[in-house]
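Shown below, as structure tokens, is a lone chain in the form predicted alone; questions about how it binds or moves come after it.
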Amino acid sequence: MRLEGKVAVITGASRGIGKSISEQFAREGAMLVLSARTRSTLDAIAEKLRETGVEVLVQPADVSIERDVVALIAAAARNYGKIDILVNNAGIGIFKPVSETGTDEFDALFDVNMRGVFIATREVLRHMVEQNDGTIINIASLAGKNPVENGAVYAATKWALLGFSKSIMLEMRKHNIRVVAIYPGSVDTEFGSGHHPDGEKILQADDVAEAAVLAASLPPRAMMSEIDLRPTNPK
């Protein structure tokens, strides 16, 4: 029960990595605030978790809409009186050559993958600074460190997240707030099929969730600012 008594807000919690993080945080004793765009899916996940004795608040939000994100953080703080962990997981992927990418697609990628992270982080920091404690986990991608053919704009959002995470870490460590960016390679979610066409194995959502638990459960004196996550043997 490495997260017993901790309150965790998780965006993009209705499927894939976010759902796995929610489930593993619950097993580790956390109290949860689950957010995504679709309430019905969140309610179904919350119901199963509550059956195991987990405290869960459902607060739907579209992270590209500022008022939704502000309401999410406010609801979490109001319901539990504190926020210990924020997991910025919500994200979208659009993969095509730049010459074929529409401006609306560019805007959508940055609105969800970066602007939403900024707003959620800004709002939660106001609580964490007052607490003099907290952990922010940003789910990035190895595309934030490496070029991606037919994924330039997606990669750009993740490179931006890298700079944002590192800078916030320097700003906030004096307040005992840890900022951790997790950089998975390909993960078997809606972004992937489980294997690359050439037969390489890829990560599972639970693998990323385990890394998030580790990042959130280190002793207060310790912090890892980046976690690169790859398959041990991709063949």
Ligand code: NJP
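So that there is no doubt, residue numbering starts at 1 and follows the sequence shown. Everything numeric in this text was worked out from a predicted model, so none of it was measured.
As for the form predicted together with the ligand, it is not shown, yet the points below apply to it.
Within this chain, residue 87 is remote from the site of the ligand in the predicted bound form, having no heavy atom within 4.5 Å. Taking the partner from the other structure, the ligand in the predicted bound form has a heavy atom within 4.5 Å of a heavy atom of residue 38. When the ligand is considered in the predicted bound form, residue 164 lies well away from it, no heavy atom lying within 4.5 Å.
Residue contact check for residue 212: none of its heavy atoms lie within 4.5 Å of the ligand in the predicted bound form. Picking from 87-95, 145-153, 74-82, 119-127 the stretch near the ligand in the predicted bound form, with a 4.5 Å limit on heavy atoms, gives 87-95. A heavy atom within 4.5 Å of the ligand in the predicted bound form is found for exactly one of 34, 30, 63, 179: 63. Residues of 1-36 that come within 4.5 Å of the ligand in the predicted bound form, judged by any heavy atom, are 12, 13, 14, 15, 16, 17, 18, 36 in sequence order.
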